[in-house]
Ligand code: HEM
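Shown below, as structure tokens, is a lone chain in the form predicted alone; questions about how it binds or moves come after it.
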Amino acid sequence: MSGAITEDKVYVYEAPVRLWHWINAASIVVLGVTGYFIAYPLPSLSGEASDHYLMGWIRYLHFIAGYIFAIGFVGRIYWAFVGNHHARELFIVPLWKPEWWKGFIDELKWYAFLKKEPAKHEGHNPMAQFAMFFMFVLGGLLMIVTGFAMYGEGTAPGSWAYNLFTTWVIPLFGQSLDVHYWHRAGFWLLVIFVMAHVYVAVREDIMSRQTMVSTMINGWRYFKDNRKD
């Protein structure tokens, strides 16, 4: 007998959330590549130093992407208040709810290939919600705070970045070198998160019978239930 497929769908991600997601993804790629070369500069180019501005352009792109990432972060917080309830899942992890922990353990078993059937979730499942908050939201906040603190060092006392970030971030972390260390550690944290995020999204699209990647393109999550007649 042939397998019948019934589909159901729900509108999850509004247009501002989807736009933020892809712009944010692009800015993270630019920040990652340029940040790597800032930490590990390219070999010296031949000729006079005045003839080249390669590292200057790399730093300039890093700063632009940093501004985009930070502005997008603030905008995403705003949309958590005015958007639908799925827009708030990124920032609120209900650790106090026993049913949330039950869903978290179920998802952990699913990702570990200990379950044959995943649970259906309209938005983020509990494990994804946990990872998004603790690795991306808190990790992104760390990168913004430490990044603008270092940026303020270059713009000198009196600048907005120096007054808003450098004056308290560097003493909080200890010294400038410590801020650089935590900024670099945050970078590798985001690299790990992005790799896991892409893997899980593609895996869920293939194995869970509910759309993931296309949901962040058109906003709709489709549920497919395979059953034999």
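Heads up: residue numbers just count along the shown sequence, starting at 1. Just so you know, these numbers come straight off a predicted model, no measurement behind them.
Keep in mind the form predicted together with the ligand is missing from the figure; the text below concerns it.
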According to a 4.5 angstroms non-hydrogen atom cut-off, is residue 194 in contact with the ligand in the predicted complex? yes
Mark residue 212 yes when one of its heavy atoms lies within 4.5 Å of a heavy atom of the ligand in the predicted complex, and no otherwise. yes
At 4.5 Å between heavy atoms, is residue 21 in contact with the ligand in the predicted complex? yes
Within a 4.5 Å heavy atom cut-off, is residue 202 in contact with the ligand in the predicted complex? yes
In sequence order, which positions of 19 to 35 have a non-hydrogen atom within 4.5 Å of the ligand in the predicted complex? 20, 21, 22, 24, 25, 28, 29, 31, 32, 35
